[in-house]
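Only one chain is shown below, in structure tokens, and it's the form predicted alone.
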Amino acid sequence: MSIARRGMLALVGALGIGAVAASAPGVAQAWEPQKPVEFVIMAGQGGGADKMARLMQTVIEKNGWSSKPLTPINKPGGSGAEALVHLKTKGGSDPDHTIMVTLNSFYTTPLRQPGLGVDIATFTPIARMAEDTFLLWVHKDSGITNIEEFVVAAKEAGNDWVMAGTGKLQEDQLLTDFLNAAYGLNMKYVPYKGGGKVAKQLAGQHANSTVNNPSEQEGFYASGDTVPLAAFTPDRLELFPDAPTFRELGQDFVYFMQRSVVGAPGMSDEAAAYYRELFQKVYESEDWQAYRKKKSLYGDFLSDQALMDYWMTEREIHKAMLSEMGAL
């Protein structure tokens, strides 16, 4: 037999052995989605969570990182209750193909609505992609350029001063409550489904102020329609250097909103590992790092138990804030 012939037979034999081994019982194959993945967004269209989710979907699709597409689905109802219950239900039917982009209503809504039967400790921690920032905004036509002028105008208007925000008794209302208490104001809080709608209320002068994230207000800021007065961050934001922090203004108050990806309860370990690796790739991508810089995002990547520990700490912080407001 020729050397070439013997080599060919050896190659065929090796391939055959490999094929048998791959199909043999007990040989684990890496998990990947078998159908499109529901990518639930716990907020309305146009807000920070929605923009983040659709960017991540685009990055994953562009790079071919998932065997099946991620399909964004907005479920903003009930300050995120709709999304939470949906994810909880999927935990009993299809936990491996359901993930969610969440924000701080992940803590506040289950605390406020115990009848939902949602315990966030049962959800699967996938990835914290960032912590979003907040600023206090007014319309340019108000003539207000600093916090002192804001306080004077809001005090004079009393309950006629409208602060537009996302959802009830969640991030934006917590910040409104802080401002009312810190400066002796009586602003009326009016909720909407999504930060995009909130930003439009201010731009259209249907509201007097908002506490939007930079990503939600950026278009109107760029056009000169809205003005950032102060930031709820430890240091001034690079993109808004003229907006002082509330710490600079004598109020020791800092607040962030998580931008995290959550898995359904009961997700398999294999699926959880797949999604954690997938979103770490997204986090490390040039697209995501550029987005973080452009949107003034804070926070390092967190996953697995470190993310669960973060959730438990933040839940207690938000429980104390809601109790102080008399909301629990």
Partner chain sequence: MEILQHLSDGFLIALQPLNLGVVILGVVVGLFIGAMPGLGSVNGVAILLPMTFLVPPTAAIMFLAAIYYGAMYGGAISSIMLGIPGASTAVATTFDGRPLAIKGQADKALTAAALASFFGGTLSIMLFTGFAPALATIALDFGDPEIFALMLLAFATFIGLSGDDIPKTIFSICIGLVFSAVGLDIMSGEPRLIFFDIIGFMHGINFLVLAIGIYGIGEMLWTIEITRGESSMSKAVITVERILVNLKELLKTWKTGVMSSVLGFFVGILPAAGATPGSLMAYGVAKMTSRNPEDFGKGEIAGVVAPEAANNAASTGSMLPMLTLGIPGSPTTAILLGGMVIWGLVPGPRLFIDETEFVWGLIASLYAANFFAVVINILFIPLFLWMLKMPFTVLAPIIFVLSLVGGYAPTQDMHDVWLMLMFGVGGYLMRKLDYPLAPAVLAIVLGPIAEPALRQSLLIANGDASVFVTRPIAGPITIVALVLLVLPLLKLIRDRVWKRKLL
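Residue numbers count along the first chain shown, from 1. Here the structure is a predicted model, which means the values were calculated and not measured.
Another form, the form predicted together with its partner chain, is not on view; read the next lines as being about it.
K.L.:
Counting only heavy atoms and a 4.5 Å cutoff, which of 241-249, 196-204, 228-236, 140-148 contacts its partner chain in the predicted complex?
P.N.:
That would be 196-204.
K.L.:
Just to confirm, with a 4.5 Å cut-off on non-hydrogen atoms, which of Val190, Val152, Val254, Ala182 contacts its partner chain in the predicted complex?
P.N.:
Selected residue: Val190.
K.L.:
With its partner chain left out of view, which of Leu111, Val162, Ile120, Leu136 would have a heavy atom within 4.5 Å of it in the predicted complex?
P.N.:
Going through each option in turn, the one that passes is Val162.
K.L.:
Can you work out whether Thr58 and its partner chain are in contact in the predicted complex, taking contact to mean some heavy atom pair no more than 4.5 Å apart?
P.N.:
Yes, contact at 4.5 Å.
K.L.:
Taking the shortest heavy atom distance, is Glu82 within 4.5 Å of its partner chain in the predicted complex?
P.N.:
Because a heavy atom of Glu82 falls inside 4.5 Å of its partner chain in the predicted complex, the answer is yes.
K.L.:
Lys88: heavy atom within 4.5 Å of its partner chain in the predicted complex?
P.N.:
Because no heavy atom of Lys88 falls inside 4.5 Å of its partner chain in the predicted complex, the answer is no.
K.L.:
Is there a non-hydrogen atom of Ser93 within 4.5 angstroms of a non-hydrogen atom of its partner chain in the predicted complex?
P.N.:
Contact with its partner chain, no.
K.L.:
Quick check: do Lys75, Gly78 and Leu116 each get a heavy atom within 4.5 Å of its partner chain in the predicted complex?
P.N.:
Checking in the predicted complex: Lys75, Gly78 and Leu116 are all within 4.5 Å of its partner chain.
K.L.:
Scan 296-328 and note down the residues that get a heavy atom within 4.5 Å of its partner chain in the predicted complex; none is a fine answer too.
P.N.:
Residues within 4.5 Å: none.
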